[in-house]
Structure formats: structure tokens, C-alpha cells
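Have a look below at one chain only, the form predicted alone, in C-alpha cells format.
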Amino acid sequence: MKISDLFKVEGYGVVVTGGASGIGLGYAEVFASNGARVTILDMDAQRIEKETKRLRGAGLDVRGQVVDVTDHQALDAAIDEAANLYGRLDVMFANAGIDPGVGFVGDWAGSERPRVPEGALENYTDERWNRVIEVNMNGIFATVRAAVRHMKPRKFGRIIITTSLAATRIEPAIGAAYMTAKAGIRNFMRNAAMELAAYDITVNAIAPGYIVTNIGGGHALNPVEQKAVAGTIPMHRVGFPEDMHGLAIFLASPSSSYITGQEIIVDGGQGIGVAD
């Protein structure tokens, strides 16, 4: 076997939640470009229409469906539909997530990071906490559960969960619910990996650091913020969705068939510390 064959995903049936933008869209595009059949699930109908039209126009096998991952019945139905259409579900990207808004410390303002009262614990509302947990934790659980129902009978599957550097490092500029959800999902990933290993279903996580997407209103698209953040990262640059494409292919392809229960951080060294 050629080494290149170990990374083939041609013909795979793939579903990506939160797939109409950012990291999820990057996963959808790189897999479809390498011969996979991809279903994008997302809440944003306009972006689904725009991106699926663009990708199909490039000759790629991509379809989309509007789904809120907190509606578990609708999520089950959408994943069932994709699996039935493809006759298989090989790869599930449990990726959908939301930004909870600012934490108790604000974004960079020159050399200062001011305290933000609305992000403080005493002002954290039930609605804000519960919404983040419903999407970022319970939505991941429901996505994985739906995928396993298709993968277990075939005794094959690759589940890839988006966690975060915030699962291991406290970032005061991010609301507390986000870090709590991501840390919980990291442990859920390990539990699922243990349970499913005997069925040749691997469960791993990709943990992004600072990646430029439109999450949280698109604040990361601001060049001023990018420059400020880059100064705290050892590689002296922020990350982009394409920085995770190779890892995603690796974790879904035969090349990683003996790897499960692992979280791989993609952060340019940010979690190690400030180098300069």
C-alpha cells in the first residue's frame, strides 16, 4: 500500500454540524475536495444555500440542511437522512458551537484587558449559561449518539469532536460556560472512545486555539485584534480553519485507525505559554 492511500477518504459519507461557516465549512470543503460525500448541518439557512451552491458549482458532492443541534429529534432525522442517502455514515464531525460572549476580562485594548461586569459570575444569567451548555455540550452528545446508531451495526466509524484550547486553559475573555462545556466534552469524548473501541469506531477531538472565524459576531476577523493576539502566540500568528484540514483528514482516514480517545490541540503553541 502506498502511504498516500492511508489518507484516502474517497467515497466516505460525512456529516458536519455547524458546517456552513468557519471550521466546519473548512472540514466540509476539504473532505468533499478529496472525494467524500458531505452533508452540512447548520442553523443558518442563507449560508447553507450560499456555500452548498458554491461547492456544488465546483463539482463537489455537498448537500445541506437547516438543523438546530438542540432539537435532538430534528438532528436525529437529519443524520438518519444523510446516512440513508449515502448508504453509510463513515465520519461525523460534532462541531457545532456558539460563543457565549465576553468573560470577566475584555478583549485587548492596547496593553490592557479591562474587567467586564456583565461577564462576571455574579451577573451570569441562567439563560446565557443554559444556552451555551445546550449547544456546546448537549448538542455534541446528541450528535455523537445519532452517529453511533449508524456506525455500530457496521462496526466502523470515525467521530471527530471540536473541543477547544479553552478546555484545558482558562481564558478570562471567554464566558465561563464555554470553558465548562468544552472541558466536559473532552471527557465525554474519552468515555465514548472507550465504549466504542471494540466496534472499530474511533472518537477523537481537535482542540483549536485562536482560529479566525465569524463566531461571536466575527470579532476575530478584525486585523487589530489578530495582531494583538498573535503577539501572545509563540508562532507569532493567529490560526485559520485550513490549519486543521490535514489533521481532520488524518483522524478520519485509515492512517489513524489505531488512535482513539485523544485530543489534539492546534494553537500555534499558545497553550505552552508566551515565548517573547
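Everything quoted here is computed from the prediction, not taken from an experiment. Don't overthink the numbering: it's just position in the shown sequence, from 1.
Keep in mind that the form predicted together with a small molecule is not shown, yet the notes after this line are about it.
### Task
Go through 204-212, 52-60, 223-231, 29-37 and give me the stretch that gets within 4.5 Å of the small molecule in the predicted bound form, heavy atoms only.
Careful reading of the contacts points to 204-212.
### Task
Decide whether R158 counts as a contact residue for the small molecule in the predicted bound form under a heavy atom distance cut-off of 4.5 Å.
It does not: once the small molecule is placed as it appears in the predicted bound form, R158 has no heavy atom within 4.5 Å of it.
### the small molecule contact in the predicted bound form: V69, any heavy atom under 4.5 Å
Yes, V69 sits close enough to the small molecule in the predicted bound form that at least one of its heavy atoms falls within 4.5 Å.
### Message
Please tell me whether any heavy atom belonging to L196 falls inside 4.5 Å of a heavy atom of the small molecule, as the geometry stands in the predicted bound form.
### Response
No, L196 stays farther than 4.5 Å from the small molecule in the predicted bound form.
### Task
Give a yes/no on whether R145 approaches the small molecule to within 4.5 Å in the predicted bound form, heavy atoms considered.
Flag for R145 set to no.
#### Entry: Triple contact flag I23, I98 and K182 to the small molecule in the predicted bound form, non-hydrogen atom at 4.5 angstroms
Checking in the predicted bound form: I23, I98 and K182 are all within 4.5 Å of the small molecule.
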